[in-house]
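The chain below stands alone and is given as C-alpha cells, in the form predicted on its own.
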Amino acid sequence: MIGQLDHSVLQVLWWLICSLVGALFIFMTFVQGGQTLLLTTTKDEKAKSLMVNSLGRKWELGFTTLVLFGGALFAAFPLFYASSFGGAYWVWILILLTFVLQAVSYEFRKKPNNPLGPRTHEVFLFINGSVGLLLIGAAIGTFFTGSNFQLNDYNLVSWQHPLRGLEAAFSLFNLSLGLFLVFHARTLGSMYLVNNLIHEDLEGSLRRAAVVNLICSLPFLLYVLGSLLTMDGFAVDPATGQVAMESYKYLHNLLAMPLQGLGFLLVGLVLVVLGVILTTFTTKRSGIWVAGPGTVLVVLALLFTAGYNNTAFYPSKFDLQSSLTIHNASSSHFTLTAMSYIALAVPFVLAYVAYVWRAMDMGKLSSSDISADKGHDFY
C-alpha cells in the first residue's frame, strides 16, 4: 500500500512527520523554560532542588526528540540537512554546545567535590534555556526570511556569509521568533512545574510566572505574526520549479489551508492562553495539558505554512534558484517508502513514552522527597 504511493505524496507525508516531531520538541522545551526559572523564581535551595529533580526526569526526552527531528530531516530531506548543517554550522555548533552544558549540569550539579558548585551549573542550565532556544528560533526563522547559501550543479553548498548561520540572529524577525520561544518555554515550564510539584510558596511564584512570561512573549509573537502575514514569500512554480518572490505569500498559504493552517494557528493560540488562565487564575494544575497541545498546533501551522502550497521551506536569499522545497530536497521514492514502513512503529514508541511518563509522574514531588543528606540530584 505505502509502496504504491506517488513520490510527491510521500514528500508531503514526510514533511508532516518532520513537522510533528519538531512541534513535539517545541512542546518539550518546557524543560529549558523551567531551567531559566531556577535563577528568577526562588532562592530557596530546597525549592531549586525540587525543580531540578522534576525537570531532570524529562530533559532526556526533549533532547531525544531534538535528535529525532534532526534524524528525520536527514533521512527524508538530506539536501536540506547538508545545506543547513554543512553551511550554517556555527549556529548549530553553538546550539549543540548549550545542550552539552545541559547534560553536564544535570549530571554534576550536586555531585560531591564538584569544583564549579551548583550555582555555575544553574547558569549553564539558564544558557541552554535562553541562548539555546533563541538560536533555535533564529534558525527556524530562516524558513521564512531565507539564508545566505548557493548550490552548484552538484548540490555542493557554498555559504555566502562569514558568520556561517549566526547572521540569522541579526534579523529582527528571526530574533523576535527566538525571544518568543524563550518566553513561551518559560510559560510552559512554569505550568509543568505547577503540575508536577507540591510546594506552597514555590507554587504561588510559578503560577504568577506563567502569566508574566505570557505577557512578555506577546510583543514578540505579535511582531512575528504581523510580519508573517505581510511579508513577501518564496513561491515555487509547480510546472517549472522556478522560485520567485510573491507578495503576502504566507498569508495566502494560511488561507489556502483553512484547517491545518489558519485553523491550527488560531486554536493553538487560544489553547495556550486558556492553559495560562487555568494555571494563574484557578487552583487547577492541568494548564500544561491544555497549553501543550496548543503549542503543537501552532508549530504545525507555521511549518505547514513554510513547506506546503508550493513554497520553498529553506529559501536562499542569495540565489533564489538554490532554494529548497519538499520536492527538490527529498530522498528517493525507495528511501521514503522504506522509512514509511519503519514509521509505522512510531505509535508504539509514543505509547511507551506516554506509559513511562505516567509512571514517573504517578506521585507529585514535594520537599519530603529531597533529603538533606543527599549529595546529588535524583530522577
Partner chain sequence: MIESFDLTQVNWARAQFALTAMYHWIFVPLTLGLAFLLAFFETIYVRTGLEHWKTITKFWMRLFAVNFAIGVATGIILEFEFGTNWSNYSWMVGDIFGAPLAAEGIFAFFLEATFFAVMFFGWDRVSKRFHLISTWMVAIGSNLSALWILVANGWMQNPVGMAFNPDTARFEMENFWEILFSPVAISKFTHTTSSSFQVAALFVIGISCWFLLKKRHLAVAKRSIVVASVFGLLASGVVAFTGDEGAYTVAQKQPMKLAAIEGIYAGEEGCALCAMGVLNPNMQPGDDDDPYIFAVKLPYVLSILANRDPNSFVPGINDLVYGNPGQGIVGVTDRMDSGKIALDELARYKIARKVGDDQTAEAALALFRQHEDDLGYGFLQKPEEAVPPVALSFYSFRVMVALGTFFPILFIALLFFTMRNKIESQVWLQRLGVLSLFLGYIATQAGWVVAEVGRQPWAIQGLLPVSVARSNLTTATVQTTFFIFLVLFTVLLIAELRIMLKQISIGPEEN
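Bear in mind the structure is a predicted one, so any value in this text is a computation, not a measurement. Numbering follows the first chain given and starts at 1.
There is another form of this protein, the form predicted together with the partner chain, and it is not shown here; the text below is about that form.
Engineer: Can you confirm whether 2, 216 and 260, the three residues that make up this candidate site, all sit within 4.5 Å of the partner chain in the model of the complex, judged by heavy atoms?
Structural biologist: Result no, not one residue of the spot touches the partner chain.
Engineer: How about residue 318: is it within 4.5 Å of the partner chain in the model of the complex, going by heavy atoms?
Structural biologist: The answer is no: residue 318 has no heavy atom within 4.5 Å of the partner chain.
Engineer: Look up in the model of the complex whether residue 27 has a non-hydrogen atom within 4.5 angstroms of the partner chain, and give yes or no.
Structural biologist: Answer no; every heavy atom of residue 27 is more than 4.5 Å from the partner chain in the model of the complex.
Engineer: Is residue 232 near the partner chain? Define near as a heavy atom within 4.5 Å, in the model of the complex.
Structural biologist: The answer is no: residue 232 has no heavy atom within 4.5 Å of the partner chain.
Engineer: Should residue 100 be counted as a contact of the partner chain in the model of the complex, where contact means heavy atoms within 4.5 Å?
Structural biologist: Yes, residue 100 is a contact residue.
Engineer: Could you check which residue among 104, 277, 270, 245 gets a heavy atom within 4.5 Å of the partner chain in the model of the complex?
Structural biologist: Exactly one residue meets the criterion: 104.
Engineer: Could you tell me which stretch in 155-163, 284-292, 168-176, 131-139 has residues with non-hydrogen atoms within 4.5 Å of the partner chain in the model of the complex?
Structural biologist: After filtering at 4.5 Å, what remains is 155-163.
Engineer: If you look in the model of the complex, which residues in 1-37 sit within 4.5 Å of the partner chain (heavy atoms)?
Structural biologist: Nothing in the stretch sits within 4.5 Å of the partner.
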